[in-house]
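Shown here is one chain on its own, the form predicted on its own, set out as structure tokens.
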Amino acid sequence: MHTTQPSCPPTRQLTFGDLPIAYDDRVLDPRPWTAAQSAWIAELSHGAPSGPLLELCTGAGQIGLLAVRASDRDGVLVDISAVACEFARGNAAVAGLAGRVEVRQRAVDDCLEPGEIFPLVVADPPWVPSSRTGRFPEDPVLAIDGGSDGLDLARECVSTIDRCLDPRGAAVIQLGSIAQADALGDWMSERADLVAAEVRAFGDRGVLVLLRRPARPEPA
């Protein structure tokens, strides 16, 4: 008896920054504007401690891989989706970065090894409220559904960043709006040792938020 194997969607490719990125309909299409997140991490890399960068919710890997290339650091890329991790590994290999990148198929809240500290973190969580995901039928729900207010995965990312960010490090998280950035900032003020140091808006496409440890007073 022959069984029919489900066919995979056709693979597409685009150039993200200077990297060729392959993906298909099972992962979120790379958004060209998000190369700004990679560039910001590369900018922050100059003043950050040594060590690899961490990316949470990597998808096909484009933002993290471009950040690895631009910052000349190693990287750990995390996603819960096996398909996303397969694309991230393949894209790392094509870019010549396979030896510098570890891809982990894990949930955000269970992705760290004991004692791991990162000087730089990139986070790209889904941020569309669950009630609005139907407006984007071309996008896989897993990649865009951020829960009732769009911030469920963002809060998980912040909790993980709080556990692993070097005291002198920096993280950049992608959200959907200034309102979401404000709401996440309010949540952090009570639950994380992090502050939103800067917000960069990109029209109606999304926002990037810089997270740092709060400044400590100098000892007397």
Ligand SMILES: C[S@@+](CC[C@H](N)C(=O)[O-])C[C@H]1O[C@@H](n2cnc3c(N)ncnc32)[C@H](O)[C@@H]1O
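So that there is no doubt, residue numbering starts at 1 and follows the sequence shown. All figures in this text were calculated on a predicted structure; none of them were measured in a lab.
The following text describes the form predicted together with this ligand, which does not appear among the structures shown.
Heavy atoms of S81 reach within 4.5 Å of this ligand in the model of the complex, making it an interface residue. Among heavy atoms of L142, some come within 4.5 Å of this ligand in the model of the complex. Proximity of G150 to this ligand in the model of the complex falls outside the 4.5 Å heavy atom cutoff. Under a 4.5 angstroms non-hydrogen atom cutoff, this ligand in the model of the complex lacks T160 among its neighbouring residues.
In terms of contact with this ligand in the model of the complex, the residue from L54, I63, A171, A154 that brings a heavy atom within 4.5 Å is I63. Screening L175, L28, V68, L184 for any heavy atom within 4.5 Å of this ligand in the model of the complex leaves a single hit, L28.
Here the chain stands by itself, but in the model of the complex one stretch of 130-138, 112-120, 92-100, 73-81, 73-81, has heavy atoms within 4.5 Å of this ligand. With contact defined as any non-hydrogen atom lying within 4.5 angstroms of this ligand in the model of the complex, the contacting residues in 116-140 are D124, P125, P126, given in sequence order.
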